[in-house]
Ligand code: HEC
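Shown next as structure tokens: one chain only, the form predicted on its own.
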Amino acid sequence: MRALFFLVFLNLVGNCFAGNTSDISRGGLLYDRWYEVVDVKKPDFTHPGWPASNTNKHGSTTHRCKSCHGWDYKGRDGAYRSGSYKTGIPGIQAFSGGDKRKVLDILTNELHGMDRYLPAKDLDDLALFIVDGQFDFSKFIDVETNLVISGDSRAGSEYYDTVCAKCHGVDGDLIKDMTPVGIIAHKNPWEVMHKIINGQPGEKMPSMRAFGMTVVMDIMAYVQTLKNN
């Protein structure tokens, strides 16, 4: 037990980001589905910036940041280079480590218009996530197999069984209106990692960001061992 606490301490010291960790994670939730975070009615029209070439998605889905820029934050250069979310829109990785004021200017420009929906604090958290909260998932996920590059699944099972299984179940299929975690972890590992790190909008799922990427990768390695078909 003492060793576990020491590991968590080292992760906290070595892996925390600039800025307030909880605000960064909240920004990650806003990036996912902002209207559930602020508990407002979701838009019922297609975002004016959504390209006409993509007829697969419409309505509130097109207002989610991730729908254009991807769970891997690479947009047209990542997983969304093809498939039902293909838009040709670039990702947000160029802003990682950048100037938060420039990001705020983009979020509130005529195209995005996020200030019509979000107050200053929410905009600041979202911009903080974009600048200080991104990961380059290519360092953690093999793009050819969608499998994690590293991670101790045995350690991950302890984290999962004591934190995640209470909602997701020991096999990852307890939430009946959700695709089992093991299946998502194989088909869309970037989404699962984003949610492990930041949480799930509108739910009590905790953010594991403060515990560092070692813990996150251990959990990810374990959930990829759960049933996936």
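Since we're looking at a predicted model, the values are computed, not measured. So that there is no doubt, residue numbering starts at 1 and follows the sequence shown.
The protein also exists as the form predicted in complex with ligand HEC; that form is not presented, and the subsequent description refers to it.
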query: Which pick from 141, 79, 128, 114 sits with a heavy atom within 4.5 Å of ligand HEC in the predicted complex?
result: 114
- request: Tell me, yes or no, whether residue 208 is in contact with ligand HEC in the predicted complex, where a contact means a heavy atom of each within 4.5 Å.
  value: yes
query: Does any heavy atom of residue 75 come within 4.5 Å of a heavy atom of ligand HEC in the predicted complex?
result: no
message: At 4.5 Å between heavy atoms, is residue 219 in contact with ligand HEC in the predicted complex?
response: yes
- prompt: Is residue 68 a contact residue for ligand HEC in the predicted complex, using a 4.5 Å heavy atom cut-off?
  reply: yes
- request: For the three residues 64, 89 and 107, verify that every one has a non-hydrogen atom within 4.5 Å of ligand HEC in the predicted complex; reply yes or no.
  value: yes
- prompt: Using a 4.5 Å cut-off on heavy atoms, which residues of 170-208 contact ligand HEC in the predicted complex?
  reply: 175, 177, 178, 181, 184, 191, 192, 195, 196, 200, 203, 204, 205, 206, 208
